[in-house]
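Read the single chain below, which is given as structure tokens and is the form predicted alone.
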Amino acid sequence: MATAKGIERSSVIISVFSTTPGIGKTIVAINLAAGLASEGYKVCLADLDLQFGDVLNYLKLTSKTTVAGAQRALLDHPKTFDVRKFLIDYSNNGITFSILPAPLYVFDAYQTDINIVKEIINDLNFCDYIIIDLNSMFSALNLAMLDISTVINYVGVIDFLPALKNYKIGYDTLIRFDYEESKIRLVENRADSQKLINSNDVERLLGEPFYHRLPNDYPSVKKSINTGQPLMFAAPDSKLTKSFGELVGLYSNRPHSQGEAVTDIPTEKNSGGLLSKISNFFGF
């Protein structure tokens, strides 16, 4: 695909999307960016949760440059625009990835021009991977980003029936928008939490297996947030860190083996009739 300036884009774009807020979407985006950067790739994490983007806060960074400033600069000086001037780097132990921050003010979120944002993302084509952290809506901006994405990393926490219904409706909506099923990667977060829903039943209901299942690891996530570091630095030996490493391996095509962080996630025993109850909940 060519950019607005006629440059062929070679970046892999991974959108991290969910239909439910507060289920760890930003954590997934940050750790994908850090993991891919640790493998030597040039990575940019674009925080396009325009009203409530939290990437900088999570990593304890500050910046005056944002996607809103990039938009104004591109409109005012299209011939000399350089997106690199609006990026901030996160570096730790020799591992670096760039960040395109969300606007500092809610007002700026309402001034967003979708076509300009698309051009800004296209101008990041010097990166090997672009990770886009989106909010939990089927907004016009989100749909535009999903359109240009190589992969949609669709995250959910399936811990009770309303959450499952929300996740399925979101998945069905993505399919109705004619995104290829191979483009949508179902990722279950907190997969080994205590819950009443059998993951096998969930997969049968969705008609698609989970691409990856991230285990629940609250102590490691808390340490990561408190220190402002991706999990690989805050809790390098945790099961969640290992599981993120496996997910990164899937996206980078790195040879990997199924580590214990995945295989140790218990599969709930089928509690007779639960699948039929779930089906009834969905009305079929």
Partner chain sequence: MAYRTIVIENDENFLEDILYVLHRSPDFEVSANYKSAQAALGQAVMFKPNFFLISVDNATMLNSVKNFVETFPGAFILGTMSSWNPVIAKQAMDNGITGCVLKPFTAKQLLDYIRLYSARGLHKPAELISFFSPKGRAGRTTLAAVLALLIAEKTGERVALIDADLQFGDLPMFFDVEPERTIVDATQDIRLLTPITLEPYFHKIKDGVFLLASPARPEYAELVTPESLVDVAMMSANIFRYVIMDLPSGFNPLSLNLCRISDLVYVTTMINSGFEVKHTKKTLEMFESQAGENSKIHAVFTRVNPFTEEQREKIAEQLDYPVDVMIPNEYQMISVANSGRLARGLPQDTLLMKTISNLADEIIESGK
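Numbering follows the first chain given and starts at 1. Bear in mind that the values here come from a model prediction, so they are computed numbers and not experimental data.
Keep in mind the form predicted together with the partner chain is missing from the figure; the text below concerns it.
The contact with the partner chain in the predicted complex, taken as any heavy atom within 4.5 Å, belongs to 138 out of 210, 179, 81, 138. 165 is the sole member of 165, 118, 72, 204 with a non-hydrogen atom within 4.5 Å of the partner chain in the predicted complex. In the predicted complex, at least one heavy atom of residue 159 sits within 4.5 Å of a heavy atom of the partner chain. Using a 4.5 Å cutoff between non-hydrogen atoms, residue 91 does not count as a contact of the partner chain in the predicted complex. At the 4.5 Å threshold, heavy atoms of residue 23 reach the partner chain in the predicted complex.
Contact check for residue 253: every heavy atom lies farther than 4.5 Å from the partner chain in the predicted complex. Contact with the partner chain in the predicted complex, defined as any heavy atom within 4.5 Å, is confined among 145-153, 119-127, 73-81, 171-179 to 171-179. Contacts between stretch 51-79 and the partner chain, counted in the predicted complex as any heavy atom lying within 4.5 Å, involve 51, 52, 53, 54, 57, 58, listed in sequence order.
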